[in-house]
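Take a look at this single chain in structure tokens; it is the form predicted on its own.
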């Protein structure tokens, strides 16, 4: 993969509606949650078992995998294959609430001597708390850290280049100290020399808030940097390119929300079973960012924001550039779900797909210098090995190619199809947990 100094696309941000309310509320427990398991986890509960909030429900199948925890109190009703929000299927544990809705559980107990825990102890806590990165990759944090022995720089990413999405911004404004302390814990495990907090240059309040907290903490090893508020600046790959010329061994990147989850797991002994995400779009009555349990359905998530004022043309997981359209609103929130958007037809503006005209616009706008046209043409014809020869695995799934394509080809859809096929081919049989259903 070759990465060039890419400027980006300036998009309408559309974040104002979900920023009107900064109160990060937790709604009452839904009737049920369906918690999707990664291919690297295997259920350790059975149908009919009672579980508590935060209780482990799946064990990792290897040292590079993480546990999975129940996001509410209830009884295990099903363990089966269900469609998931990525467009595929996954092993799923369904937990049904018993009795009336309840306020979410809290974890207030502070772990004794957490400040002096050793690196290996912290990594074990990450794994046993089920912490994965709160981005589309959903990588176990301990495994990502162990890929390289040392990273000189730790980057905490507070950028949200996609329109509508504000969950990182709202969480960072509400819990700056917790995120800073979580970053310090990550610094210890990554053996980094410095921490860079990165925000978009339009979020001046957020930048000044973190600068003031760092000043009073007297942490000289922590700096705040900004990037232009253009798309896809703020993506992990573009951040590494900006300061380290794409050299991944020079830095490691985590979202700010992952740093917060690390803080809660280490300090308050709280497993990772909920996250902040944005429920928004012009169709939602009360757009906002809020805490939601993993496994809550998209339908219930939208209802926590008082539902929709009109029927959406499309519901998307993630932002409108790189998000995944949903046909079934019973799919569940996952660790990497940063937004659920209900968008009207005047925003979607769907047009009929036409054949590729070889204009090269997708190549010009690719931030990692790929040829999306060749990759997607190969994928459309089922030539997935040919797509891999065109380096489909290097795609960062920003969606620029689909956005600029004059023929309105669903290029990101075909890229993801090719990536999924290649990943499934490479997956060991022992980790294909779909076999459990048989």
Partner chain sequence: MNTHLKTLSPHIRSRDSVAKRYWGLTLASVPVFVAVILGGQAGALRVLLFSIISAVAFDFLGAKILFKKERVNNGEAVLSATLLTLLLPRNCPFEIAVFGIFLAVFVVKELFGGTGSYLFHPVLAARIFLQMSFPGFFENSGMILEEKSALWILGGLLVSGVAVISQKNNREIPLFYIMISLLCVLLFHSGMESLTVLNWIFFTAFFLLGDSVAMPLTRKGTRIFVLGAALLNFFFEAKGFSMAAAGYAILLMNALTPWLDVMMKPAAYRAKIHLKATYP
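Positions refer to the first chain, counted from 1. Whichever C-alpha set is largest while still superposing within 1.5 Å between the two forms counts as the rigid core. Every value quoted in this text rests on a predicted model; they were computed, and no experiment measured them.
Beyond what is shown, the protein has a form predicted together with the partner chain; the following relates to that form.
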Checklist entry - Would residue 236 sit within 4.5 Å of the partner chain in the predicted bound form, counting heavy atoms only? => result yes
Checklist entry - Hey, in the predicted bound form, is residue 394 touching the partner chain, heavy atoms inside 4.5 Å? => result yes
Checklist entry - Is residue 241 one of the residues lying within 4.5 Å of the partner chain in the predicted bound form, judged by heavy atom distances? => result yes
Next on the checklist: Test of understanding: in the predicted bound form, would residue 204 fall inside 4.5 Å of the partner chain by heavy atoms?
Outcome noted: no
Checklist entry - Should the three residues 321, 327 and 374 be counted as contacting the partner chain in the predicted bound form, with contact defined as a heavy atom within 4.5 Å for each? => result yes
Checklist entry - Which one, 85 to 93, 210 to 218, 284 to 292, 107 to 115, holds residues whose non-hydrogen atoms are within 4.5 Å of the partner chain in the predicted bound form? => result 85 to 93
Checklist entry - Pick from 315, 171, 186, 72: which has a non-hydrogen atom within 4.5 Å of the partner chain in the predicted bound form? => result 315
Checklist outcome for this item: Note: exactly one of 224, 123, 334, 227 sits with a heavy atom within 4.5 Å of the partner chain in the predicted bound form, namely 334
Item to check | in the predicted bound form, residues of 378 to 402 near the partner chain [heavy atom within 4.5 Å] | outcome: 388, 389, 390, 391, 393, 394, 399, 402
Next on the checklist: Quick check on residue 42: with the core superposed, does its CA move 2 angstroms or more between this form and the one not shown?
Outcome noted: no
Item to check | After fitting the core, residue 204 CA displacement of 2 Å or more between this form and the one not shown | outcome: no
